[in-house]
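As structure tokens, one chain now follows by itself in the form predicted on its own.
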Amino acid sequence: MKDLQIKKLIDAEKKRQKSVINLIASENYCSADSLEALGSVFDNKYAEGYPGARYYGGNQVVDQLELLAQERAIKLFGLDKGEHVEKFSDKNPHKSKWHVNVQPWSGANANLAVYLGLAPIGSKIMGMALTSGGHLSHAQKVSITGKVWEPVTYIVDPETEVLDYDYVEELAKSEKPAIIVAGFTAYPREVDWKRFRKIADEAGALLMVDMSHLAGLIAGKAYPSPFPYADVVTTTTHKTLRGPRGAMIFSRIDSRELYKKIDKAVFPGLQGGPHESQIAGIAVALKEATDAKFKSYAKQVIKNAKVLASELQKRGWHVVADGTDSHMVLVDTWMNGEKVSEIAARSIKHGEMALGAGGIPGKVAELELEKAGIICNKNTVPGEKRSPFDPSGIRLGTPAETTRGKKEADFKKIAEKIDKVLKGIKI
């Protein structure tokens, strides 16, 4: 590279990534082949529109690329077989009852496109509250998704910190949202997709599943699939799926023609030309995820997370929801299972942040762990009383380090190091 300033920064980031333990639940390492595709000549091509219906010439090869990416996505999630196969195959090129749009630039864009295509402006979108594990794009008030549509939020049970489906059903029946969003950014336990289907039916709502965090685990048959129950499924491609950054929207092909409305919302509704080099990188990752080794990887991700959660619990840390069924572990470092009054009564100062004896704000935990070479993110926890910028906990994830080959014994050592760092914080 002739631009030495940029090369220096690239080299510095490579060095940083290699020198740390990466426990960011939403990060991973895509393959060299994906990176090669991501930096390919496909980046030179403008391709507004869809295969066979572009607004520019010269898209013969791009059309092949996008159709191949769609085909691989359909195959990876088993939507080309069994109950998912379209009896009248002339309706779509992939002979599936599912259509997939591979053009969204990000997960938030994908979710926004679904709402724009399927929910009238001002109608209700029901998703999990941010503090319970929901995402900003699930109709949170600070997001455009919660400004254009009316947000209805559900929370986890305050005692168990897991979903109370009866409560969610009663709320849905009362509020009558246009769309119910299942799938989360910080909820570690297994989700009952079938129950969410029942809830949506009772409320007369569409069921949208955001499987961004779970896509790789679902593809690897290590976590239940939402496809038998959802109307629409969105996902990013760079988390457990281990591809480059991007997103996809799956939608059922039936008389409602949801997929046509969503396609129009993506383009021309929200985006211009798709990033075809990004789509090329995603296509590579989708093929890689069909390998038998990926199934072993997905299972190992969950094994590692369970060990991490268990080892932290043994050392006295409050693991939210009493464990995990996925790739992530939430730790309430501030309350740590205690009452607010007990922490408040003996809180003191750590710089500008309140620090209880035995209670550590998530921001402090994140900073101190990073000093020790462990990268994670501060995170809100159920019943959060603190600011999102200085919340009560941290979120830990196992995908990236599992990609690097780490197994249960390694995560026991990681848990030990986390415990040592956090208990050694000087006040």
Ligand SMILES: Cc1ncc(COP(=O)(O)O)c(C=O)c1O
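Sequential numbering from 1, following the sequence displayed. All values reported here derive from a predicted model rather than from experimental measurement.
FYI, the form predicted in complex with the ligand isn't displayed, but the following is about it.
No residue in the set Gln64, Gln103 and His275 has a non-hydrogen atom no more than 4.5 Å from the ligand in the predicted bound form.
Of the candidates Ile218, Ala108, Ala203, Ala283, Ala108 is the one whose heavy atoms come within 4.5 Å of the ligand in the predicted bound form; the others do not.
For the options Arg252, Arg189, His135, Lys124, the one in contact with the ligand in the predicted bound form, meaning a heavy atom within 4.5 Å, is His135. Stretch 209 to 217 is the contacting one of 264 to 272, 162 to 170, 311 to 319, 209 to 217, since its residues have non-hydrogen atoms within 4.5 Å of the ligand in the predicted bound form. Taking the partner from the other structure, the ligand in the predicted bound form has a heavy atom within 4.5 Å of a heavy atom of Thr236. The ligand in the predicted bound form comes within 4.5 Å of no heavy atom belonging to Thr131.
Put simply, Thr185 is close to the ligand in the predicted bound form: some heavy atom of it is within 4.5 Å.
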